[in-house]
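To begin, one chain is listed below as structure tokens, in the form predicted on its own.
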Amino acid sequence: MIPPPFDYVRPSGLPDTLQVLKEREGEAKVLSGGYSLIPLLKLRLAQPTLLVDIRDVGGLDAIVETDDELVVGARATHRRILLDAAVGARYPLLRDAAGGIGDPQVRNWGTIGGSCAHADPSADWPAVLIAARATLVCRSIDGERRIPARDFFVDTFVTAIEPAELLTEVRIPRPRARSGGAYQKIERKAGDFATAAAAVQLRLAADGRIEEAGVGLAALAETQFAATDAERVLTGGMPSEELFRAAGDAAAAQSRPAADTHGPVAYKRAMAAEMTVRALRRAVARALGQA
């Protein structure tokens, strides 16, 4: 199909972009990598009257690590994140997710900000950011808002971004010592959207117990969400297969999958548990320096 007519602008900087979004508030869609938006335009599932192409807006694709966090620009591509030295050294959760998105062409052009703003319930990044307790930064001409990832993803294709705002960066806390993360998903074929997926970020105490745990699930509800029941099961527990299975069962019970061509509800709940267990095994191994 062919999209309906729309206006097109390509601002050269962030101030111009924010001004356009304010002037055409509620009418505009932002184009970043395009792998989420273009198919919706062709199918007429999205019908903006203005398309704002931000490819020329500088400073939105940087990846910078500070003592406290990793700051990832919204236009950083999946490939750029995958190949970043800091990500490779200290953020295995992000590396897992970036390496499993789509195919090389998608990773070369698709962006973390585009994925998060699109908010497909089967996308990888939202679950990862929820598990990592990341913060997403939105800018408008009126200022900046910092939104916890756990509050950002509202519903299917719905986020906390206001119509005149632009998602500019993602901030991920820098893992402390004895931390580990992992992302596991099951898909029909390599590079496909997940049938079920689990992201885990945890930290072990000096005695080996799980001191902090974040678990994010994808493709298992109307949007990605924190498996808080599983987190409660894990916190304070000694890593073991029994504990992992209990957390997986809690994650499955909290999930709200719908039956579709990927499988029935019972199968998806079983995969929610299994992906959580697999992610926990790998995250703990990484926290212990064994993987």
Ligand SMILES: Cc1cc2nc3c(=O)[nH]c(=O)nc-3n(C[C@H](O)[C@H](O)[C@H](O)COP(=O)(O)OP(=O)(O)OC[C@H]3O[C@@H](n4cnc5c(N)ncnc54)[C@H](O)[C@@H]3O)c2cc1C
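One rule holds for the numbers: they count along the sequence shown, beginning at 1. Bear in mind the structure is a predicted one, so any value in this text is a computation, not a measurement.
If you look for the form predicted in complex with the ligand, you will not find it shown, but the lines that follow are about it.
Contact annotation for L204: none of its heavy atoms lies within 4.5 Å of the ligand in the predicted bound form. For L31, a non-hydrogen atom is located within 4.5 Å of the ligand in the predicted bound form, even though that partner is not displayed. Interface residue remark: H118 is counted as part of the site for the ligand in the predicted bound form, having a heavy atom within 4.5 Å. Looking at D192, you'd find a heavy atom of it within 4.5 angstroms of the ligand in the predicted bound form. Checked against the ligand in the predicted bound form, the candidates V87, I101, I147, I186 yield a single residue with a heavy atom inside 4.5 Å, and that residue is I101. When you look in the predicted bound form, the only residue of A221, L82, A213, I161 with a non-hydrogen atom within 4.5 Å of the ligand is I161. The partner is not drawn, yet in the predicted bound form one stretch among 173-181, 127-135, 88-96, 105-113 has residues with heavy atoms inside 4.5 Å of the ligand: 105-113. Annotation for 258-274: no interface residues with the ligand in the predicted bound form [heavy atom within 4.5 Å].
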